[in-house]
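Presented below, as structure tokens, is a lone chain in the form predicted on its own.
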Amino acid sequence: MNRVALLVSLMICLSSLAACETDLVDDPGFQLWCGEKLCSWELEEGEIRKVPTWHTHDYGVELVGAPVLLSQGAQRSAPCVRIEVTSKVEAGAMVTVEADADGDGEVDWTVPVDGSDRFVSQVQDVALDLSYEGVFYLLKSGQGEAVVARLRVSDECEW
């Protein structure tokens, strides 16, 4: 294969990979820390801590005390949203994932995160017409330990 054909093939492969991008937030696994802060998530209220999850080198975010509010803007618009949360939330700790679909300051959708004394996953598809100005929130409003290992938001809904 000549160099031009190889270059064209490579460009087609890269553009098709970009077209398949489905994540609507950066760093769904809370792995990117800038010192004591998350690099991609904004801490709007409260305190967080970098903690190991099921492996000492796989980090999550502990939501310390209450209230705690993390936020991140949507990376692009989407006709629906799939929320995948892996967390360990003690009894008494109330954790929710919320979405402001158009960035107007009004929460349009809220789902409680399941409580458990071990890490569990939950998935929910939401019919939410998300605009590019949309914002996702992770909110803890009750006392007790809460560690979130993953909060993936994508447009991979199964309707």
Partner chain sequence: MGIAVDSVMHSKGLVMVTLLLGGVLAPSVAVAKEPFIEGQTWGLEVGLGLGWTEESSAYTRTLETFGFEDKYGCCWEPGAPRFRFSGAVERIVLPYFSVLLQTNLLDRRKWYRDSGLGEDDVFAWSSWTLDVHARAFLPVRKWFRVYAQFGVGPTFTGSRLYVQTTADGKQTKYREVDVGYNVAGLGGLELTSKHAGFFVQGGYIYSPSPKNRFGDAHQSGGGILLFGLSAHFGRPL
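In this text the structure is predicted, and so the values were computed from the model without any measurement. Numbering follows the first chain given and starts at 1.
If you look for the form predicted together with its partner chain, you will not find it shown, but the lines that follow are about it.
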In the model of the complex, does residue 28 have a heavy atom within 4.5 Å of its partner chain?
yes
Does its partner chain come within 4.5 Å of any heavy atom of residue 132 in the model of the complex?
no
Heavy atom to heavy atom, is residue 149 within 4.5 Å of its partner chain in the model of the complex?
yes
Indicate whether residue 109 is a 4.5 Å heavy atom neighbour of its partner chain in the model of the complex.
no
If contact means a heavy atom within 4.5 Å, which one of 33-41, 99-107, 124-132, 61-69 is the stretch that engages its partner chain in the model of the complex?
33-41
Out of 36-69, which residues reach within 4.5 Å of its partner chain in the model of the complex, heavy atoms considered?
39, 52, 53, 54, 55, 56, 57, 58, 59
